[in-house]
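To begin, one chain is listed below as C-alpha cells, in the form predicted alone.
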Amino acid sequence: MKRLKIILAIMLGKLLIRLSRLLGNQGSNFPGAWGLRIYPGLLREMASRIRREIVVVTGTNGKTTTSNMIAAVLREQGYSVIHNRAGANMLPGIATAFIEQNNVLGLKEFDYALLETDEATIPALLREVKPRMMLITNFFRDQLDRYGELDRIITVINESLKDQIIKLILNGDDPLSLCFTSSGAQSIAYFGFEPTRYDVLDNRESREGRFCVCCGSELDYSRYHYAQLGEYSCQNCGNRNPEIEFKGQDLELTDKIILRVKDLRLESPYQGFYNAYNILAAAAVAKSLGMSDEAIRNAIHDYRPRAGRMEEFSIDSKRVVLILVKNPIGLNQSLSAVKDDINPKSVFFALNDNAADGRDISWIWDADLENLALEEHNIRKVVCSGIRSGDIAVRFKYTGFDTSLIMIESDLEAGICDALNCPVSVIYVLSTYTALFDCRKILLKLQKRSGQHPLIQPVRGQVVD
C-alpha cells in the first residue's frame, strides 16, 4: 500500500507539473503539495535515495543564485543532482523538484540533493531529510510579518540543528553568524572577504548585526563591505570575526566579478558585491564537498543569471535587466547596479503585497532610493506598477525625483511597455516575488516579438503630481 501511494503521488505530481506549464505557469509548488497530501512521507522516501550528500542552502539573500552555482559545479564534475532550481523553497516546492526528476516508482538514485530552503522551513525540512551540510548566506531583516525579528528566525534554525550531524558553512563577515557557534553542529567553516577597495569606513545602511551576540555591546567596525557585513569587533568581550577558511581576495567589480580563493581565480558575468558573496559562498561549499578547482572555475565562469537574478533580455535593441527585490538591503545592492550604469535608462518597479511578498511594505522606506534621484544617474522615467503601485510611486516622489518622470501603471505589461517606449538604451525591471514570473513571461513574449512588430502600446498610466 505504501509503494502504491508513492507511485500515485508521483504520477499525479508529474501530471500537474505538465498541466501547469502548458498553462504558462511555473508548476513548482502545487504538484508537490498534492504529492505530500497523498503520501506525507513522500519527501523522506525519495531523499533516502541520495547516494552521497544532501546540502541545504538558506539565508536571507542570495539563496537561489548561490544554490544554482553550486549545482552547476556538481554537474560540471559529472555528478547527478536533484535541485529545486526554480527557487520554490518551501516543502511543496522541494517535493516538486524530487517528483519532477524522479521516475514514476520513486526509486531513482542521485549523487547529491541541493535544496534551497526558506529560513522558516528549516525545522520542517530537517524532520524529513538528513543533510550533511548547510550553507547560511547571511541574515538581513526580511518580511517581518512572516518571520518576525531576526533573533526569532535565528533561534528557530538553531534549535532545529540540535542533535543533527551536520557541517555549517557560514558568512564570517556577518556578526549574526556567530549565533551558531553553540548550535551543536559537527563542524563550522567560514567564508568572507579580506579588505577591498570597495569598502567604506562608515555605513548608513541598516545594520541588523549592530550589537554583539555574546554580550550585547555595540560592535566597532573598522570597515564595511556592505550593510553589516565587514570587519567588526566588540571592545567589551573581545568578540570579533572568526577565522576565515575560504577567504575572498583581489576582488574586482566592473562589468563582471573577479576574485581569488587561495590559488583559485574565479571570474563571473555577474555584477555587484552581493553577487561576489554568492560566488564565494558557492566556492566554499564546492571545495568543502571536494570538487576540483577546474570544475569550480569552469562552472562559475559559464553560469548565467536566471529568473530575475540580473537576468537580461533584448527587446527592440534595448537591454532589459530583470531583478528580484524583497528587502531593503537587497534593493540597495540592486540599485548599485542601476547607479553604476552610465547609460540613459528607465526604471520599472512592480510592488506586490501578496502573502509570499510579505504584507508589510514599509521596507521600501528603509531602502536608499534618494541617491537614485541624482541627475548623474541618468534615469529618464520611473514606472510604478503592481498591486501597490501608488505606494512605490509616493516613495519615489519623496526621493526628490522630478514628479513628471514618475508614472503609475498598475497593469504589468502596459507599465513595462511604458518603460520600453522611453528614449533610453537600458530598462531595469525591479519586481517583488509574486510579480516576478509574470514580468518574466511578459519580457520573454516581447523579446520574441521584437523585430517583427514595433513595440508601441497606448500610454495609460497617470503621472504623479
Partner chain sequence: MAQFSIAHLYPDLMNLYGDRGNLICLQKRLQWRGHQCSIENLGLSDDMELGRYDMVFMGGGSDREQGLVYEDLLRKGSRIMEQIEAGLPMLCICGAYQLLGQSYIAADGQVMDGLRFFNFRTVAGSPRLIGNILIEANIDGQKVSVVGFENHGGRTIFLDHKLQPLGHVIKGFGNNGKDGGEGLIYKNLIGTYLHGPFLPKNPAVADFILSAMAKRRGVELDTLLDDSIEKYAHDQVKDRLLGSSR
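Note that this is a predicted model, so its numbers are computed, not measured. Here, rigid core means the biggest group of C-alpha atoms that superpose within 1.5 Å across both forms. Residue numbers count along the first chain shown, from 1.
Below: the form predicted in complex with its partner chain, not depicted.
Student: Which residue, 111, 302, 370, 159, has a heavy atom that falls within 4.5 Å of its partner chain in the model of the complex?
Tutor: Checked against the cut-off, the match is 370.
Student: What is the one choice in 286, 170, 324, 393 with a heavy atom within 4.5 Å of its partner chain in the model of the complex?
Tutor: Residue within 4.5 Å of the partner: 393.
Student: At 4.5 Å between heavy atoms, is residue 410 in contact with its partner chain in the model of the complex?
Tutor: Looking in the model of the complex, residue contacts with its partner chain include residue 410, since a heavy atom lies within 4.5 Å.
Student: I'd like to know whether residue 252 contacts its partner chain in the model of the complex, with contact meaning heavy atoms within 4.5 angstroms.
Tutor: Residue 252: no, not in contact with its partner chain in the model of the complex.
Student: With a 4.5 Å heavy atom cut-off, would you call residue 389 a contact of its partner chain in the model of the complex?
Tutor: Residue 389: contacts its partner chain in the model of the complex.
Student: Would residue 353 count as a contact of its partner chain in the model of the complex, using a 4.5 angstroms cut-off between non-hydrogen atoms?
Tutor: Yes, residue 353 sits close enough to its partner chain in the model of the complex that at least one of its heavy atoms falls within 4.5 Å.
Student: Is it the case that 41, 43 and 85 all touch its partner chain in the model of the complex, with a non-hydrogen atom of each within 4.5 angstroms?
Tutor: Per the other structure, none of 41, 43 and 85 touch its partner chain.
Student: Where, among 355-363, 336-344, 116-124, 222-230, do residues come within 4.5 Å of its partner chain in the model of the complex by heavy atom distance?
Tutor: Heavy atoms within 4.5 Å of its partner chain in the model of the complex occur in 355-363.
Student: Determine, after fitting the two forms on their core, whether residue 96 shows a C-alpha shift of 2 Å or more between the shown form and the other one.
Tutor: Shift at residue 96: below 2 Å after core fit.
Student: Quick check on residue 395: with the core superposed, does its CA move 2 angstroms or more between the shown form and the other one?
Tutor: Passes the 2 Å threshold, so yes.
Student: Does residue 120 shift between the shown form and the other one by 2 angstroms or more at the C-alpha, the core having been superposed?
Tutor: Stays below the 2 Å threshold, so no.
Student: Your call: residue 434 and residue 42 CA atoms, closer or farther in the model of the complex versus the shown structure, by 3 Å or more?
Tutor: Farther is correct, given that in the model of the complex the C-alpha spacing of residue 434 to residue 42 is increased by at least 3 Å.
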